[in-house]
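One chain follows as structure tokens, the form predicted on its own.
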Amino acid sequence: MTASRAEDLSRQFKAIADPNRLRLISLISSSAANEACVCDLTEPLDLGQPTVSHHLKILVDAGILHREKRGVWAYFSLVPGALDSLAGVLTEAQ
């Protein structure tokens, strides 16, 4: 594994290590359209919009979520294969 790849993976694992971020990933992946508006994520987490937006930005910056702006709202979806890639690293034969 290259140093660059290890750095990218470290950033992704750090991003999902937070309980609220894990819950966000779960909420988004289990939604009907596999996407969610930030406005729909504050209540289930019992967090304010700025806090939820902060966690979502970290997940987007780590390459785990995709952000799409629609009007005044932002919608988030999982980047295809992002979690599979992380799981693959953990199960690779050494």
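Numbering starts at 1 and follows the sequence shown. Model, not experiment: these values are computed from the prediction.
Beyond what is shown, the protein has a form predicted together with another copy of the chain; the following relates to that form.
- Shown alone here, S10 lies within 4.5 Å of another copy of the chain in the predicted bound form, counting heavy atoms only.
- When another copy of the chain is considered in the predicted bound form, V72 lies well away from it, no heavy atom lying within 4.5 Å.
- Of the heavy atoms in T42, none are within 4.5 Å of another copy of the chain in the predicted bound form.
- At the 4.5 Å threshold, heavy atoms of Q49 stay clear of another copy of the chain in the predicted bound form, well away from it.
- Not one of C37, I58 and G63 places a heavy atom within 4.5 Å of another copy of the chain in the predicted bound form.
- Shown without its partner, the chain has T2, A3, A6, E7, L9, S10, F13, K14, I16, A17, D18 in segment 2-18 as residues with a non-hydrogen atom within 4.5 angstroms of another copy of the chain in the predicted bound form.
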